[in-house]
Structures are given as C-alpha cells and as structure tokens.
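Only one chain is given next, in structure tokens, and it is the form predicted alone.
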Amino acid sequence: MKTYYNPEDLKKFGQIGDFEPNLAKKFFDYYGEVFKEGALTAREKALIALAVAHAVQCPYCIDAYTTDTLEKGCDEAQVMEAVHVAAAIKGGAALVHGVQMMNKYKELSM
C-alpha cells in the first residue's frame, strides 16, 4: 500500500543537515542531551515521546518511539496508556477552547 509518508524516510532523518549542517548539528546535539538520563529515565522519556508523537500525529515519530519503548522494556499496556494520556490531553485542549468559542458567541449574539 502506498502512503504519503514513506517509512523508509525515517532512516534519512540524519540527512536533514545536508542543506544546513550547522543548524542540524545544534538540533541533534540538543536532542541528544534531552534524551539522556536525568530527572527522568530514558524509558520514561521514551513513553513521553510516544505520547507526544501521537498528539502531534507524526507517523515517523510513532514508528521510532514505538520501537524505542519496546527496546526499553515497555509492554503493550504501558504504550497504550501513554497513547490514551495523549488523547485525553488533546481532547481536553480542544474542549477547553470551547470556552473561548462560547465567550465569542455570547459577545456576538448580544
């Protein structure tokens, strides 16, 4: 099945610096620092990344962090719970903006 996102492109992510090496190096240095063990374990960070990947709907990130969480020992229940956390936050964010709509609707309908 042909899709808009080519899973093989994920392997090319390191080449993103071909057009701008200086900025790519800064990004990858930062990225590497972020994912080092710190106050959070690498496993916890992988679960957060998986949840965020779903919230921003990045298929490349979903693939990468599904693999990463599995390699870090997460089970099916843990990865699915992370996805549900993302869904709850994303849904809640959409709903809370409904207050803004209600305020505007009331303002315009007065």
Partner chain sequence: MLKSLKARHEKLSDTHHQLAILGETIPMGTEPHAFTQKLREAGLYPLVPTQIEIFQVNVGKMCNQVCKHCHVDAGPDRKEIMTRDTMQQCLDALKKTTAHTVDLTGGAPEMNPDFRWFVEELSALGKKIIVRCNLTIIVANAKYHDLPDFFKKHRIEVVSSLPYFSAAKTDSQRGEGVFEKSIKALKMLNAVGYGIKDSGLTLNLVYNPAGAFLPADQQSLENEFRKKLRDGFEIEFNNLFAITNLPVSRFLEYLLASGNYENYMEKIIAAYNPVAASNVMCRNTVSIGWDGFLYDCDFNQMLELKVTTPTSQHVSTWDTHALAAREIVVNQHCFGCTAGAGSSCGGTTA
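Numbering follows the first chain given and starts at 1. Keep in mind it's a predicted model, so treat the numbers as computed, not measured.
Quick note: we don't show the form predicted in complex with the partner chain, though the next part is all about it.
Q: My question is simply whether Glu71 lines the interface with the partner chain in the predicted complex - judged by any non-hydrogen atom within 4.5 Å.
A: Yes - in the predicted complex, heavy atoms of Glu71 and the partner chain come within 4.5 Å of each other.
Q: According to a 4.5 angstroms non-hydrogen atom cut-off, is Glu33 in contact with the partner chain in the predicted complex?
A: Taking the distances in the predicted complex, the answer for Glu33 is no, it never comes within 4.5 Å of the partner chain.
Q: Given that the partner chain is not shown alongside this chain, does Asp29 nevertheless sit within 4.5 Å of it in the predicted complex, heavy atom to heavy atom?
A: Because no heavy atom of Asp29 falls inside 4.5 Å of the partner chain in the predicted complex, the answer is no.
Q: Counting only non-hydrogen atoms and a 4.5 angstroms cut-off, does Lys11 reach the partner chain in the predicted complex?
A: Looking in the predicted complex, residue contacts with the partner chain include Lys11, since a heavy atom lies within 4.5 Å.
Q: In the predicted complex, which residues of 9 to 48 put a heavy atom within 4.5 Å of the partner chain?
A: Heavy-atom contacts within 4.5 Å come from Lys11, Glu37, Arg43.
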